[in-house]
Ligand SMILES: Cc1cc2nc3c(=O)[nH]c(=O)nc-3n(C[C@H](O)[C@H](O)[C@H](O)COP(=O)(O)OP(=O)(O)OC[C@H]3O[C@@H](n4cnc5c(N)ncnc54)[C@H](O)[C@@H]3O)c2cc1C
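Only one chain comes next, encoded as structure tokens, the form predicted on its own.
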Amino acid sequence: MATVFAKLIIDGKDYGVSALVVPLRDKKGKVLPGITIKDCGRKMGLNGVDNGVIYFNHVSVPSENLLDRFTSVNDKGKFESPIASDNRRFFTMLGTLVGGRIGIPRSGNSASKSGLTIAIRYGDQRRQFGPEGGTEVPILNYRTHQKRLMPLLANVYALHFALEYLTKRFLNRKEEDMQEIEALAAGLKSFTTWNTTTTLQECRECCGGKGYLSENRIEILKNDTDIYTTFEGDNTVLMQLVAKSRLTEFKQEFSNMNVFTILNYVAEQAKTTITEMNPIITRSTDEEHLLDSEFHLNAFKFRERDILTSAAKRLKRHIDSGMDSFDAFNVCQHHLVQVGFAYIERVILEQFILQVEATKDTSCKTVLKKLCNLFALSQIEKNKGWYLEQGYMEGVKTKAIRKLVNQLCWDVRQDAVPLTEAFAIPDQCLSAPIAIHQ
């Protein structure tokens, strides 16, 4: 059988998309009349998963095959639904598929862990060049090699904790939390799977020709996870979904405001200007300040709030000028994707900081703190142009952050192999000769 999404039309009236259970084959496996099934053919990867096209030609099913949690047809043939809007009903149905948007990024992050384990072990063992007259050194000791791999190792740890948080929220979900959970799942799916694609490419390159050999498995990891960026929804479209969810919350927040909450909002904005955007802080290169989790989180929150606010103002300006809402969203699409990124990056950092604080073992806590610092400062370095444009930092500060990121890469390198050992991937599952301990 298949669950088929199709238009429900009664007496010529279209009630939008509904889901029906449709038998495909008889008990002997023979395709039923009116149904044609074709395989999609060979793909870049995941060829163990069947993808095909199903054609229906005047196929009838009984009315009880309609999945009727959100859509039903009563005994008199009249349409009934607890959700009035066709669009909202459709997206509510799709919301039940959110579990897939949690499984895909978890799978992608696991692939990143495998790729990093292979590349870091190889980099720790492979020796090349060195000081004149001295011994050759492991390629992982080279600063460029560290800068390529250590931030990605920090990303994987950050995403591991964020996905654990999302999974727990989904398992203990309440109806009123579903919109936020769906936005989280969409955003983390996008961020994680994009990160997987980037990570595996970098791991392949960092292993040179050895990484190009099929026997060392990065090839199959790349091919099987490349689809994840469009699997369960195209990442760019999903980030726009995240942005729309954030804009809805933003609108509700302001529509529920009274004079006191408006004053509080203005006061918070003023407080940010005084505490975070004064000349001393925007130019501060003090290492204690740059490694402070409060500074990291404030920077992420400022970016999230500012991008969301400016996107909302921009959309309102277009719509107030008479532009159709569809066109207004189309004009602002690039902006909306950044709304999604800023929100997800803040959530990931928040969960990483909470994990560091909750870690009891002192040695583990020290290493996790370095990883958390590296994740936070790498993201700030990536977005430094935006922070400079907003006057949140000055050039002297972003240069200091770049220097500190390089130092953190060196520090994390000392624990890089144990950090991949912590993934606990058995050698037979890793299945890469260059990653086997010698």
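Keep in mind it's a predicted model, so treat the numbers as computed, not measured. In case it trips you up, residue 1 is the first one in the sequence shown, and so on.
Only in words, not in the display: the form predicted in complex with this ligand, which the text now covers.
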property	result
One residue of 85, 201, 333, 72 in contact with this ligand, assessed in the predicted bound form (non-hydrogen atom, 4.5 angstroms)	333
Residue (of 295, 302, 250, 231) lying close to this ligand in the predicted bound form, criterion heavy atoms within 4.5 Å	231
Candidate stretches 139-147, 316-324, 236-244, 364-372, one within 4.5 Å of this ligand in the predicted bound form by heavy atom	236-244
Three-residue site 43, 51 and 227 fully in contact with this ligand in the predicted bound form at 4.5 Å by heavy atom	yes
